[in-house]
Structure formats: structure tokens, C-alpha cells
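Take a look at the C-alpha cells below, where one protein chain is shown in two forms, each on its own, as structure 1 and structure 2.
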Structure 1
């Protein structure tokens, strides 16, 4: 069998994003961890880790991490069958990548009961779209919530529903920039807020209005920060429906042009042989995600 002490050192350094923290988690000295990784590389005959900040796995390293992740999930099943393997009261950890808007809205409510009753501790990673899937492929997470449908090799994707976005702005922003009423043409000339380089929602909204080309925008890669900037009148932006209710009730946000939502489908990606706990969480989300998201059949897809 493989030497799992060495593999665990690699996993700890990558997951903790550094040798020092990786060593802390393992209760080892930094030089011991470093030696284990060197030994692993000597045995395989090639580097497993780029010594950058943070340390990054090589292609081979990624394959090893993927394997470690799957072994861990299988160990969880074994612990269910052989409970004496588990120290009393030990809880299970599940590492999941979730897109920022889900984490800021429905995710906690959807999984709260499951985590309490199954004694699960979550290690959440905030990643949108393709990056979450890259983490799956790298074996860095056991599952992922994102807008991409196509599963990575060895995984399945389950449609959860869609997040509905509407173009929102503050009343003061509208009064300042649209003194004669909101017109589609003018929207492309006032500042927008964009989550990050991958966020195409504002582009799509403008395209649907028949507008193309570049537009002024702030960049704000924080879900709550995005809503705050919108409410304070720095720009208009596509806000998830669950996040706008209170701000609308307080009169902080109003819809730019009524009735033009964009629905973004969300999928649950999970390892095919990810173990019982992951299967149970998948079943739980399958039953309950619909309580928080718009049904995909009704979703207005691009």
C-alpha cells in the first residue's frame, strides 16, 4: 500500500495553504512535514508540490490529493460500520465548495438540520463556477455548488434549482443618474457593480436590453459587500432575490426596470463513490433545495 503518512503531509500542506499550518494540523514540526514530502517525491521520482506561496500541487500531486480525498470518504463509511474506530463523540468533516451568493443566502438554512443530526462539521470554501469544479478535480473538496452543469470525471451533478437575480439600485442612485426616468439606453452609461471577472450577469442584462460593449463598473468580490455598495448608491447590480427582500422593505433598493429577472441554475457536484455521508447530504439537498430556489423548469434560461 501507499505510505499514507506521506500523503497526509501533502494534503495538510495544500489544504492549510502552507507548511507551517500544515505541520500544526498534523502536530508535527515543519521540517518533519517537509521531509515527508521530499521522501514522497523521491519515491515517485518527480515533484508533487510547487514551493510557491501558497504551495501548489503539481499534476501528479493533484492526482495524489484526489486519491487522499476519496480514501477519506471511504474511511468515513468504514467508521459507520466499525464504530469503535471512532473516538467517542468524534464528528465528521466535509469539505465543500459553495458559490458566494448561495453561502450568503440559502445554504445555511438548507443544511443546518442535516449537520446537527449527523454531527457533521463543514469546511466551506467560497468558489464560483469553474474554480469550484477545479477543486473537485484536484480532490480538494468532496462536493461543490456551482452554476456549471457538466460534472468532472468520477463525479455526478444534480440540478438544485435556480437563483433569481434582478437589476437593483438605490432610490438616490436612480434620482441622480436617471432624473427623467430609467431608460434602457442610459443604463449602460452609469456605473454598475460587478462581482468579479467571471460575473457576466450585468453584461447579460444589458444584452437583453439590446445594449452591447463595455460599461463603467466597480468590482466587488464579496456577496454582502455587493449588496451594500448597491444600497449605498455606488452603482446598479444584479442582486439575488433572497438578498434583496429586506433592503427593499426598508426602501434601500428598488428594481431598475421591472420584470427582467435572470435565473442562474445551480448544480450539486459530488463524487460518485464519495461514501454514505455524502450520499445522505446529496439526498437531503435533493429534497430541500427546492424550498429556497426557483424550480429549474420555470427558470428563465439564457
Structure 2
């Protein structure tokens, strides 16, 4: 029989990215949490954590964390069926990985009504859409929005739609770097803005233009900051359509090569045994995400 106090210690350390913050969440001393992890490892017979910064789960640790996430969801489901199990005033919390551009554009509108009517608190983990699924594999979240279609073992995926991006730059940047007009070859020679090491959108755009290789770029791990840097003329970048409309209306952004968007498919991944609450959120997203995203059948995927 698993000792869930020990599993809770493992989950807290991984989710809070450290022993000290994990101990604060549990209301324990750091040494007490460390002892619980050691006791868990003694019972399992192998390490469950790599003592790095931040601590990361081993393979068996990930399997235990997957189990913890599903048990939490099943407990929430049981609380809905047996309300007396819920402490007065207690709300339900879901830990979800979402890519930054979704968070900055459509996500809040899509889930606001659901969270209010179901008294759900979200704990959001921001990850690039290309790698968000690693949080599911690590057992760190109950669900995620990412670009991968294939779910991890024990989970399901649901197509939501596609986020459309266009190559944008400020008028000043275009005047400075493209005095003779915008060309594909010249785009590869001027500074770009990239969200982070996992962001491949600018690479995909250049590849679609028949170009490859490295290029000059700024790194900006903020969706809002990305648009701001682009509007201020630091470089060109792939901007989500929902974020560029107002900036274009104000004359702050101009599309470099009109009619050449990049569409990124987005999928909702959730645990198969996640209980009614997660199933209800999945159904809600299935009905409403299409209000903000491009249908996958119409997406342009180079």
C-alpha cells in the first residue's frame, strides 16, 4: 500500500521546483520533507529524484507522479459525488501546462466561465507549445495545451484548432533593413526575435521560404514582451494573429510578406482517468476553443 504522505512530498518538491518551497506548501520543515523523500526511496528501493536545481524525477519518480495526479483528480470527482467530504469553502485546483501565446490570447476567455461556475482554481505552468507534453510525462500536470498530437500513455488528446502566426516587424525596422523592399533572402540576414531555445517558428518560416541555417536573433521568453520588442523595432518575429490586430491598426506592426502565415496546431492532453471535472473541462474546451483558433482543416502547415 502506497503512503500518500510520502507521495505528496515528492509531488510538492517537483511542482514547487525545490525542497524549501515544497516544504512551505506542505507546512513542514525542509528536513521533514527530505526525510519523507528518503523514506519513499527506501521503500521503493531506488531513487525517485535527481538532486539537481530544480530537482527532477527519475523514471520511477515520474510514474509515481503520474499516479499522484490521477489520484488527485479521482478524489475531486469523489468529492463532487459526496459533498460532505469537501471542507467548507474549499475549492478545486487543476494544474495545467499552457503555452505562453495561448495564455496571452484565447485561454482566459475560453475557460473563465467554466472556472467560475465550477469553482475551479487553475495553477498554470507556462511551457512552449513544442515541449509542453514533457510536463505530462513527468506527472507534473493534470493536462496541457501543446502542439503534439500523440498523447502519453494513460492520456488522451483532443484537437483544439491552430494558432495562426505572421511574420511582423515595425515600419522603422522595415525602413532600416529593407530600403529596397522586403525579400526572403534579406529576412534571413536581419535580427529576429525568438521566444526561447525551443521556439522553432522563425526557423519554420525561413524554411518555408527555402532558407536554412542560423540567423541573428534576440531571445525574449515573454509573449507580451515579444510583441513589444517587435513593435519597438528590435527585430522581426512570428506574432499570433490575435495579438497583432490592434498593433497593426495603430501602425506599429506591418507584415513582412503578406499571405504567408504559419499555423501551429494545438491539442488538449488530459489523463484518461482524470474524473468528471477534467472531463467537463475537456468538453468545455472542445465547444469553445474553436471560437478563437483557426480550424485545423483550414490550417496551413508547411
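Note that the rigid core is defined as the largest set of C-alphas that superpose within 1.5 Å between two forms. Positions refer to the first chain, counted from 1. Quantities reported herein were computed from a predicted structural model and do not represent experimental measurements.
- Remark: the form predicted in complex with a further copy of the same chain is the source of structure 1; structure 2 originates elsewhere.
- Comparing the forms between structure 1 and structure 2 on their rigid core, the Cα displacement of residue 196 reaches 2 Å or more.
- The Cα position of residue 185 differs by 2 Å or more between structure 1 and structure 2 after fitting on the rigid core.
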